[in-house]
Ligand code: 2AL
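Here's a solo chain for you in structure tokens, the form predicted alone.
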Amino acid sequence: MKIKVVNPNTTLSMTATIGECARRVAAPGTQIVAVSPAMGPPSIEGWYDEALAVPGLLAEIADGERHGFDGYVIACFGDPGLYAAREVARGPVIGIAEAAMHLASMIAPSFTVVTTLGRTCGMAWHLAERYGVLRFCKNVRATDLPVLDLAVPGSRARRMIVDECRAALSVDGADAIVLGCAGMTDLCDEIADEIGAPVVDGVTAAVKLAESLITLRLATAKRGEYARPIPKQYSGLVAPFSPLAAPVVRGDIANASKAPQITGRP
């Protein structure tokens, strides 16, 4: 079984941590390959970042299809490009917010999401509604930590996350915590031990869900909304992403990472 874990940002140190945590929970015989796209933002901290992370993410999914991967994990709590990735992939594609929220709803009557910047709280609420778990979600709490601060040695990140988790239990009345950033994955067990409540990390949750679906031979539906994209020719910078009538060949979507960079302001 081969599962590709795509961190949609381009920060390789975060990708390495995500990969280590994913391998720790993977079953014997499951091969985990953790990657970042060749293009995109260094962190995803808003709708604009998320939108511009999607092309690189889709390039990695298309490359995974060429190399025979059985399933995919999108390792960003916004689940960017999730539905588009399902159009490209044959096997299951799991977003970490989707996985974490659903699993939390199975083990507790309520949960609070603890995330990074306050500006992303609305994104988490939107996902809870989209995934049908809004009634389980007590609150979305922000630490106001930039995503990349999570990897800075000696930062106050861990203590700030723990403090918000404690507040979620005492103030919100939550019974479980959902960690709202892939960069928190390596803190999950430590936080759970400290606060004495279940803490769900989306990266590891998504890996186990992907393994389960693959084992059950449940692939992405190819009728209706998740059918292959309709063949057509795109223009401009996205021309290399044009859906093809035949299977994608090496050098098409993957070479989109070599498109000219935009140096001016939007």
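Each residue number is its position in the shown sequence, starting from 1. Just so it is clear, the model here is predicted, and its values are computed rather than measured.
Below, we refer to the form predicted together with the ligand, which is not included among the displayed structures.
Q: Which among 85-93, 131-139, 191-199, 70-78 is in contact with the ligand in the predicted complex, heavy atoms within 4.5 angstroms?
A: Result of the contact check: 70-78.
Q: Decide whether residue 43 counts as a contact residue for the ligand in the predicted complex under a heavy atom distance cut-off of 4.5 Å.
A: Taking the distances in the predicted complex, the answer for residue 43 is yes, it comes within 4.5 Å of the ligand.
Q: Is there a heavy atom of residue 100 no more than 4.5 Å from a heavy atom of the ligand in the predicted complex?
A: Contact check for residue 100: no, nothing within 4.5 Å of the ligand in the predicted complex.
Q: Closest heavy atom of residue 161 to the ligand in the predicted complex, within 4.5 Å or not?
A: Contact check for residue 161: no, nothing within 4.5 Å of the ligand in the predicted complex.
Q: Against the ligand in the predicted complex, would residue 176 count as a contact residue? Criterion: heavy atoms within 4.5 Å.
A: Judged by the heavy-atom cut-off of 4.5 Å, residue 176 is well away from the ligand in the predicted complex.
Q: Check each of 185, 120, 112, 143 and return the one that places a heavy atom within 4.5 angstroms of the ligand in the predicted complex.
A: So the residue touching the ligand in the predicted complex, by this definition, is 120.
Q: Using a 4.5 Å heavy atom cutoff, which residues in 159-195 contact the ligand in the predicted complex? It's fine if the answer is none.
A: If the 4.5 Å heavy-atom criterion is applied to the ligand in the predicted complex, 159-195 yields 180, 181, 182.
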